[in-house]
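In structure tokens, the next block holds one chain alone, the form predicted alone.
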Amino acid sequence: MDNLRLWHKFLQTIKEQLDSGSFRTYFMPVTLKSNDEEKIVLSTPTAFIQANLSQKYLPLIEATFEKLLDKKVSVSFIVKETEDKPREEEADFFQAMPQSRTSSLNPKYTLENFVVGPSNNVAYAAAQAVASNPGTSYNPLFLYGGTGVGKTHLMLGIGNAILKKKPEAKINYCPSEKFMNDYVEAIKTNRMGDLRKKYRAADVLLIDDIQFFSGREGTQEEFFHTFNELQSRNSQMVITSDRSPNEIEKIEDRLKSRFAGGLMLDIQLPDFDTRVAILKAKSAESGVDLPEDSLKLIASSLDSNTRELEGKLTQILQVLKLKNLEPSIENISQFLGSSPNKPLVLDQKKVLHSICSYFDLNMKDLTGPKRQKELVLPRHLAMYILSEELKLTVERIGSLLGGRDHTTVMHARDKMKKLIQNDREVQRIFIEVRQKISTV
């Protein structure tokens, strides 16, 4: 079976085992790179998709391929942006960095256009301090938080601010995947000296999504020595992660210790007022002046991250343009499927079924008397959403979930509220469950 037919059959098979949202998000953008004996390589467009496939779907992917090929296989991933590097450039792969690195910094991300609110104001102030005095204020600056909360924007904003003041500065923005692949390439080609010149010559090193260093012992060893060299030269380092260093598994203690030696800041999801401000700024960038009540309606429909807000706004503006409609609250509320005079309403059955689907449970497990550990989070999440978003009474929620006492519901609701605010993994799960509910 050739690769094209194999991948087509794989997608047909796995589509039946997933909800449509997960299939579109994590599998449609992926391609089959190679099928060599018992090793299959899949090409993903981003490190984010690669991480989710590895962490959540790898057993299912391997089992599906084994069923189609009738043999044991192992599956690995490669990020497309790395894979697509032209071969003719390889000779200069590890050339020392030029005097400025404007090509590696997206100029649209600046500190000036970053929307500040209670969830990120401390991180923003720290970013300004670092941009004003690189290498002296906070070194390293370690920013962590869930996806889409503005970590990369602040990091690139720092780089662009420094470059504006010092065009000769050697600024290296590097996603963690790029550093790992550069390290592997240096090992293969016996050019470790060139790799070290490339990274240790930087005045500013920006490393994005360092959680992907987890379990990569060789990469961590190289980065440890790079870190020490840059710190000894007072070169500024800014690092981002989706969780705090202590929550990243399989990261060496000596690296965690060095991260803690600088300033570590947690960035939370934007609150309602910040979401409104973000939407206002983004609509202005698009040349559309949305009414304040329309902005508030959109903000109230999504209790999520900046990236999802921007995506929803883009969809709305495109629909309005295609249909030649005014950006009024009435037209926008039709797009959102809600009345402009009342908040969005979720259906309790939709909530419970979506949670069962996400955690791969049946309704009897969720509402029944079983008390296994794996049922605690789904039940508590159900109680929280039913209480906070559907505004059901605790007595009604207890009845829906198998006749549980109202004090149990209150305890679960309050506990989930704290976890969603403070626990990166629970926050991620809540966002994904909320997306699933809204797309059902």
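The first residue of the shown sequence is 1; numbering continues from there. Computed from a predicted model, the values in this text were never measured in an experiment.
This next part talks about the form predicted together with a small molecule, which is not shown.
**Message:** Check His153 for me: does it contact the small molecule in the predicted bound form (non-hydrogen atoms, 4.5 angstroms)?
**Reply:** Yes, His153 lies within 4.5 Å of the small molecule in the predicted bound form.
**Request:** Using a 4.5 Å heavy atom cut-off, state whether Gly148 contacts the small molecule in the predicted bound form.
**Result:** It does: once the small molecule is placed as it appears in the predicted bound form, Gly148 has a heavy atom within 4.5 Å of it.
**Request:** Spell out, yes or no, whether the shortest heavy atom distance between Ile278 and the small molecule in the predicted bound form is within 4.5 Å.
**Result:** So Ile278 counts as contacting the small molecule.
**Request:** Look up in the predicted bound form whether Val115 has a non-hydrogen atom within 4.5 angstroms of the small molecule, and give yes or no.
**Result:** Val115: contacts the small molecule in the predicted bound form.
**Asked** For the chain seen here without its partner, which of 140 to 148, 213 to 221, 257 to 265, 356 to 364 has a heavy atom within 4.5 Å of the small molecule in the predicted bound form?
**Response** Among the listed stretches, the partner-contacting one is 140 to 148.
**Asked** Though the small molecule is not shown, can you say which of Arg191, Lys166, Arg307, Lys197 has a heavy atom within 4.5 Å of it in the predicted bound form?
**Response** If I apply the 4.5 Å criterion carefully, the residue I get is Arg307.
**Request:** Consider the chain as shown here, without its partner, and state which of Lys170, Lys312, Lys282, Arg243 has a heavy atom within 4.5 Å of the small molecule in the predicted bound form.
**Result:** Among Lys170, Lys312, Lys282, Arg243, a heavy atom within 4.5 Å of the small molecule in the predicted bound form occurs only for Lys282.
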